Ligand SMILES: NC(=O)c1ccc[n+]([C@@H]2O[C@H](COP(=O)([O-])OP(=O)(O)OC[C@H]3O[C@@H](n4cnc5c(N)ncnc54)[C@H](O)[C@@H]3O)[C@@H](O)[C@H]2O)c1
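Next up: just one chain, as structure tokens, the form predicted on its own.
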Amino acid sequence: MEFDGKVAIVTGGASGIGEAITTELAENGATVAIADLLEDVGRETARGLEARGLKAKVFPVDVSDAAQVESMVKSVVETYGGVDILVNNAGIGQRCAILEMAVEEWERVLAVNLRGNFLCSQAVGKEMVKQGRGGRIVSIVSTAAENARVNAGAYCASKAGILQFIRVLAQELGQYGITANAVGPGLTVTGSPLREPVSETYLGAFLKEVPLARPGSPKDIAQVVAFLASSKADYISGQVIYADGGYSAGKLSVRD
């Protein structure tokens, strides 16, 4: 199995896309640390995997809190002896016009999405360097990293920041055999308790721009993450793969 003997940390791994990533890695042999603020949901996810003979355990954490991140990574290393894969999936959305947005909302979105990515990548990166056996860092961004979206100023800014941060990370950590990449989901139906379901009107309008004419599923995203975390992606670093049904290719609804 591709990840047999590997330890993976998946932030926000209890539900939605994160749960699909947790499951995909575990099904392929990884021992998965579910690093999530939703401890009860994380335990339920872990129990479901353990019932199938897979290896997963929840490690509660708020990724925007430096002390909690340090403690979480230390606990994972003490429990499993190291860490080989980090998936930065934890994140929150936002729907508010820039002129109406409270400073607190702006700061919270960037704290979870961008600061959390930095804190987790730094803490795990140090462990990977210390271990001396390389590693994989995969961050979940969004098509919003490069395609602006009305009422999502903080979200778009945070995802664009992660994308550039990952590129720098790839440059700095390559000498240690550590790759850093990103996966950008398009519109993905997750069922996560942290995400408001999109309206049928929004869904219909969005799908007019998607060549494959359907929203993504969490498994669509998880499979790309697993590829980037695998030995098949040994020579890929500093890149983003958009798993978006072709949405980023151009404006499908604009025709001659």
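Numbers for residues come from their place in the sequence shown, where the first is 1. Source: prediction; values computed, not measured.
Absent from the display: the form predicted in complex with the ligand. The rest refers to it.
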The ligand contact in the predicted bound form: residue 129, any heavy atom under 4.5 Å: no
Any non-hydrogen atom of residue 14 within 4.5 angstroms of the ligand in the predicted bound form: yes
Non-hydrogen atom contact residue 167 with the ligand in the predicted bound form at 4.5 angstroms: no
Partner proximity in the predicted bound form: residue 63 to the ligand, non-hydrogen atom cutoff 4.5 Å: yes
Answer range among 37-45, 50-58, 226-234, 24-32 for contact with the ligand, defined in the predicted bound form as heavy atoms within 4.5 Å: 37-45
Proximity to the ligand in the predicted bound form, single hit among 163, 77, 157, 92 (heavy atom within 4.5 Å): 92
The single option of 85, 112, 173, 73 touching the ligand in the predicted bound form, heavy atom within 4.5 Å: 112
Three-residue site 125, 138 and 238 fully in contact with the ligand in the predicted bound form at 4.5 Å by heavy atom: no
